[in-house]
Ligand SMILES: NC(=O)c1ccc[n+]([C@@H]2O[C@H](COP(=O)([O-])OP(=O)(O)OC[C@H]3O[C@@H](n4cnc5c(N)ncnc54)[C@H](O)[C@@H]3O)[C@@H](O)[C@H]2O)c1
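Take a look at this one chain, the form predicted on its own, written out in structure tokens.
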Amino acid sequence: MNWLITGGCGFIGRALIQALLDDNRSNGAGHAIRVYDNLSVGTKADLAGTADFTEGTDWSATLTLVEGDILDADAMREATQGADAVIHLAANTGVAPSVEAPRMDCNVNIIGTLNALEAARANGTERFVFASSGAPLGVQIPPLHEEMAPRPASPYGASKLAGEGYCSAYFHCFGVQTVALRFGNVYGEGSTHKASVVAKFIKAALDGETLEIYGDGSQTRDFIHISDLVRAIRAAAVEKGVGGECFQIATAAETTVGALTDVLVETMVEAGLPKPSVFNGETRTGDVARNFSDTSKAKRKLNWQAEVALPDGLRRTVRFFQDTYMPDRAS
């Protein structure tokens, strides 16, 4: 397959690239990968740390990079030529940035997704996988599932919901085989640039800083390891009969942020790191109190379910940061 990955220099994109290249090495799969990225988060150095790449649009090369923005419709259309699957990861991510700059969030996540869909339609791309989130569902009584009526609690949730809506419209109106995946809270090796709780807490601990839990720590999330998420993306890109569908992609396990912090601190101490201090700060605007998913639809239609238990995933993640992260105090 020819894979176009928007935002491919980021955490999830690089993990997907690594899995596809491993596939090439192990069984001669012959995947060709084109990354489309504006380098606002992930960098060329990050991509080079995954594998050697060239710049340009030559599908005969295994891994190429096109530097461009998803808000540039013409560049998106050109970069998508020849792609069998578009994996649309590029986005403004997170609740807090969307609350601070809702118009920017809207432009990137809605217009950018529309441009990516238009590029796929114009080029006859066979499959379009959209990275969504549990945020479109907003304030609900979990477990979250695909039949719930969305109630976004943040601009980020609203923009991701709009992306899901456009995916559905492009499937029904234009026959683009879209699949929307609502990711749980992703963590794991390679998440150096992420601002989510696991990566942020490990970096803070390595920097000798205190860990801040927003609110009392009773809010719950569904933490999914990057390797499980990559398997879900790959399934969504090839599984037949799932065009126009939306899937919750998580572990179906509810974990409080306080409990996660306890396990993470214990894991860091076991790894030989000093025990960090923890305090409870203010609750963030737009955060939901409970969030975990029913993933039975993904198991049924994508033949997928999460496999990595949280303690094991955290051990792997802490080990990665120990090996690669340069604390600020050492600079």
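When you see a residue number, it is the position in the sequence shown, counting from 1. Not measured: the values here are computed from a predicted model.
Although it is not shown, the form predicted in complex with the named molecule is what the next lines describe.
> Consider the chain as shown here, without its partner, and state which of Thr220, Thr125, Ser154, Asn92 has a heavy atom within 4.5 Å of the named molecule in the predicted bound form.
Exactly one listed residue reaches within 4.5 Å, namely Asn92.
> Which residue, Leu117, Ala205, Val230, Ala131, has a heavy atom that falls within 4.5 Å of the named molecule in the predicted bound form?
Of the listed residues, the single hit is Ala131.
> Name the stretch: of 239-247, 139-147, 170-178, 154-162, exactly one has residues whose heavy atoms fall within 4.5 Å of the named molecule in the predicted bound form.
Residues of 154-162 come within 4.5 Å of the partner.
> With the partner left out of view, is Ala252 within 4.5 angstroms of the named molecule in the predicted bound form by any non-hydrogen atom?
Ala252: no, not in contact with the named molecule in the predicted bound form.
> In the predicted bound form, does Leu16 come within 4.5 Å of the named molecule, counting heavy atoms only?
Answer no; every heavy atom of Leu16 is more than 4.5 Å from the named molecule in the predicted bound form.
> Counting only non-hydrogen atoms and a 4.5 angstroms cut-off, does Thr57 reach the named molecule in the predicted bound form?
Outside the cut-off, so no.
> Although the partner isn't part of this model, could you tell me whether His193 comes within 4.5 Å of the named molecule in the predicted bound form, counting any heavy atom of the residue?
It does: once the named molecule is placed as it appears in the predicted bound form, His193 has a heavy atom within 4.5 Å of it.
> Scan 175-211 and note down the residues that get a heavy atom within 4.5 Å of the named molecule in the predicted bound form; none is a fine answer too.
Stretch hits, in order: Phe183, Gly184, Asn185, Val186, His193, Lys194.
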